[in-house]
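Shown next as structure tokens: one chain only, the form predicted on its own.
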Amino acid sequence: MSAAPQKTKSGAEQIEVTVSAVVPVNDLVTRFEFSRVDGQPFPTFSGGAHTVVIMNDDGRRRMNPYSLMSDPADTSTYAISVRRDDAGRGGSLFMHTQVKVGDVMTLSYPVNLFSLDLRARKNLFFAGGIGITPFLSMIAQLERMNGNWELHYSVRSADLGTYADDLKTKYPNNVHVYYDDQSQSIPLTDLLDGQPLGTNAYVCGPKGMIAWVHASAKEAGWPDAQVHSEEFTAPQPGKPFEVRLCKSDMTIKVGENESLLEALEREGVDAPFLCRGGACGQCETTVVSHDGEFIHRDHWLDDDQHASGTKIMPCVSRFVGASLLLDR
């Protein structure tokens, strides 16, 4: 009999897995492959989906979202690639320095906030750095469907071109790689001009690249609905602050190096999530009252909602001030 999926208090299903492979890709990126502890197939997912990896870092619980890069048709394994960030909050360093083959870990069920529009006549992909990972599963899905796609991939150098050589070898007519150290850049304006009617564009990479593609597409007359992007924002440190919770009838302190979401979880408060990166809207929380200023870092709320002071995304945003009362 297979083991039943675990659940967090907020209802997110989790899967116990064994690390089946740890493969260095280059000096910064390592691939991790997982199999299920219970031997059952993994849940199906579509290209562009992500999973949240739950880590036990010497008693500290870390939960980071990573794009699934494996073939959606292969339910025997999940694979992610992690770029080491020496200045980050520690999740990527934990993966690179502590995780080894045979370790038992926990993953969330896959969630897709960056899915393919299957109505598209053509799929135009723009990737930067580790932003290549969701496109690997998208390409695998489209290849099985005989889909029309084209990838333009910007990397710092040949040595740090994660999967660039593999992609060029396998799909020489579809893949175009541009090297920063050779002063090469994606000819975005030309690429956006003259695409077949019904083409959809997708971008994943650094914040500046995502903004560049969106702005350029808008200027070229592309409908917003045909330009897709994914960016998970890591929670940033800040001054500690206190928050009062109405429904839970408690006051908690958010530390300098933890997010409001993490503080809620630490105190056992029901706080649902899907991405933990300010993109999905699942953890959106109503502000009952406040005396101070918000530091909004999400991609979910619009400018008017940010200015209103009535909503906050606990996964990435912070508060500075005398008092904050939330509907939690």
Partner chain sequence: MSKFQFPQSIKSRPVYGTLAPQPGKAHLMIADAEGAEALLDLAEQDSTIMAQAHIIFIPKGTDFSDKLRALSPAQFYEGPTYEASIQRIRHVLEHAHQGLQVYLAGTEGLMGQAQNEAMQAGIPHTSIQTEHRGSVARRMQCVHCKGITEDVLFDPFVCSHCGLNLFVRDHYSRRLAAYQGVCIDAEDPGNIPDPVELYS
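Fair warning: this is a prediction, and the values are worked out from it, not measured in the lab. Residue numbers count along the first chain shown, from 1.
The following text describes the form predicted in complex with the partner chain, which does not appear among the structures shown.
Peer 1: May I ask whether 193, 199 and 220 all come within 4.5 angstroms of the partner chain in the predicted complex, judged by heavy atoms?
Peer 2: Per the other structure, all of 193, 199 and 220 touch the partner chain.
Peer 1: Sort through 248, 106, 226, 236 and report the residue having a heavy atom within 4.5 Å of the partner chain in the predicted complex.
Peer 2: Exactly one residue meets the criterion: 226.
Peer 1: Check each of 121, 170, 207, 253 and return the one that places a heavy atom within 4.5 angstroms of the partner chain in the predicted complex.
Peer 2: By the 4.5 Å criterion, the partner-contacting residue is 121.
Peer 1: What stretch, of 175-183, 211-219, 93-101, 127-135, brings heavy atoms to within 4.5 Å of the partner chain in the predicted complex?
Peer 2: It is 211-219 that comes within 4.5 Å of the partner.
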